[in-house]
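Next up: a single chain in structure tokens, the form predicted on its own.
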Amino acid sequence: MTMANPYLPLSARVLERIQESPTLFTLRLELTDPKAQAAYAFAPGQFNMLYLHGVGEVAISIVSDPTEGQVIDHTIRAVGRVTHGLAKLRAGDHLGLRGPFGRGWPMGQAQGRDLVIVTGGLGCAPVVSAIEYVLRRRDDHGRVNIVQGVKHADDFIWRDRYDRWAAHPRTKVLIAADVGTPLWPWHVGLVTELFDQLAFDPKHATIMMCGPEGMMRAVARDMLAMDVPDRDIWLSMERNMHCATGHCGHCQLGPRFVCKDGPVFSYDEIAELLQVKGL
């Protein structure tokens, strides 16, 4: 989609609000201008800037499938002033929306290849649209491995969604928690401890990951040790994105801007930057 003016938010309406967990919720939106709604299009991995009048705006990943009609879903954790304001919205309320912004996942490159999708914490949101996109086109891809890690078993959400994903052919879902509970049915430990269960061809696979940078560095090291080329390892980076146009500099990562050059990068593009402490 080519935005008429990337600096001006469009009016959006809340169609539905879904409480995913005590601090996590999903807003299902549509643009109020029918022409703008019809023209709106995004790629998996891109994000929008959601704006509340008098409060501010925040960058939020789009989690809906690009072909899922004309709804625009965002899953949000209430952690700051703007997100707590967004948490108060209900169906019928209005907000501003700018976007979509950034570079998404390499869906064209992934076609016909095995996929390994690794997420940590609540970092699943940036890959949800990619997973939905792939599973709606299941015959266009090889084996799909979805690996989700959470810090505590109580942090795990979307169990029904993971069950639905696992029901697809040639699709493996692996789940781990650093800290389990008595009834936790999956692995207790790090996500990397599940990699011996993966089914993929390292020379013919695309790796997608998001979550804490320490986890992504560890996953990248393991994938490189399995002979996955660094150009086939992709990471969704998180930075404090204020403008989404590369002007404010808040999301600068070395010579790059996460909002404009990312948020998705290949490992060969940013491997050296990930080794710089505090960058």
Partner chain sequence: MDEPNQFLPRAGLQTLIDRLNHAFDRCLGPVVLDGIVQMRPLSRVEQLPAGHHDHQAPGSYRMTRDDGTRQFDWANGPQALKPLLFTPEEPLWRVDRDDTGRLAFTPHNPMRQRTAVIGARACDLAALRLQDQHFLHGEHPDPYYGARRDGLFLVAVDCSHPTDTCFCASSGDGPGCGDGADIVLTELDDGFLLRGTSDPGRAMAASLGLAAATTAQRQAGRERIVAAAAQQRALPDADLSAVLFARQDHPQWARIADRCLACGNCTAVCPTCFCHRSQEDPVLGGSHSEHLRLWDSCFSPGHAYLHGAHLRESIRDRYRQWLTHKFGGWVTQYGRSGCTGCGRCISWCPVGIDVTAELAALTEATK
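Fair warning: this is a prediction, and the values are worked out from it, not measured in the lab. Positions refer to the first chain, counted from 1.
In what follows, reference is made to the form predicted together with the partner chain, a form of this protein that is not presented.
Remark: all three candidate residues (56, 80 and 240) come within 4.5 Å of the partner chain in the predicted complex, counting heavy atoms only. Though the partner is left out of this view, residue 51 does reach within 4.5 Å of the partner chain in the predicted complex, counting heavy atoms only. Using a 4.5 Å cutoff between non-hydrogen atoms, residue 229 does not count as a contact of the partner chain in the predicted complex. Contact annotation for residue 13: at least one heavy atom lies within 4.5 Å of the partner chain in the predicted complex. Although the partner is absent here, residue 248 lies within 4.5 Å of the partner chain in the predicted complex, judged by heavy atoms.
Only one listed stretch (214-222, 231-239, 36-44, 22-30) carries heavy atoms within 4.5 Å of the partner chain in the predicted complex, and that stretch is 231-239. Interface residue among 150, 194, 115, 95 relative to the partner chain in the predicted complex, by the heavy atom within 4.5 Å criterion: 95.
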